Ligand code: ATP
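This document opens with one chain alone, in structure tokens, the form predicted alone.
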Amino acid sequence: MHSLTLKSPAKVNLYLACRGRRRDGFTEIVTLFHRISLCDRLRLVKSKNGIRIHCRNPKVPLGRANLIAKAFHKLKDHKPFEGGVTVYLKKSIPVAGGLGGGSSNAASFLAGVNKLYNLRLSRGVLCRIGSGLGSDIPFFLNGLRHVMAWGRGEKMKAVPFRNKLYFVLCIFETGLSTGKVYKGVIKGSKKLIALTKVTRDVTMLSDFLEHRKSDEASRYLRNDLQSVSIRLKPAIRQVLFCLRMFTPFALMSGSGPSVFGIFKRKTDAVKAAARVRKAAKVRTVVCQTY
């Protein structure tokens, strides 16, 4: 096998609670990941040595700062192999948008190189390599659509989810720094939130969404990063207001600034997307559970 083409899907956080600062400097979280059909594409081609990344999106770093490049070097350190990889990356997921694009790209790359070079590394080993680069990477490597995660986000439990949800994504031209957003949350935190409470809330939220009860599910809306992100980018508030005219379930994903609304039917999502795009002057994308 000389080359391989892969899809690299995005995610939204249907719930995100920050429980406090960890000893390692990261933030202790509980979240509900949901994989969506907005995807980047990666074409991996064997080369003689090293890692080369080609992407037309000017916001994507092409050097060692890219998570794909970091994943390549970590993989080489763990299991040296002869040869390199040239990556052709086509971006659809916004950069620094809170939708996990960079982590998803790194996860798809690790799985792809494992297959391309027949390294025979288990999924568990790939997850351990990936978790040192980004807390979302193990989620994407596991290939699950609906997952509760805690710790830094690397501890996971799959949650059964058979139904399909439709999403209106509202995407901004410029992103937000994840580090800056988390730093703002930690400054404002006062006490550790009980794990039992947030776990119960996630379970209830997931159950209501499984049965497409958006009104009941909206009671459990939570993203502890949202207020900080709104201070950094006030336009998020306006987009949330517009979305809530069409659905009770509207929330920012991750550290933002991307915002999403949930709909039971695709036709409703398409109509809402057009109206929000016009009212809030923001790019909208309709996608679904993947």
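Quick note: we count residues from 1 along the sequence shown, nothing fancier. For clarity, every value in this text was computed on a predicted model and none was experimentally measured.
If you look for the form predicted together with ligand ATP, you will not find it shown, but the lines that follow are about it.
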In the model of the complex, does each residue in the set L67, L89 and S255 place a non-hydrogen atom within 4.5 angstroms of ligand ATP?
yes
Within 4.5 Å of ligand ATP in the model of the complex, counting heavy atoms only, one of 123-131, 205-213, 156-164, 101-109 shows up; tell me which.
101-109
Is P61 near ligand ATP? Define near as a heavy atom within 4.5 Å, in the model of the complex.
yes
Do L116 and ligand ATP share at least one heavy atom pair within 4.5 Å in the model of the complex?
no
At the 4.5 Å heavy atom threshold, is V95 in contact with ligand ATP in the model of the complex?
yes
S218, heavy atom within 4.5 angstroms of ligand ATP in the model of the complex
no
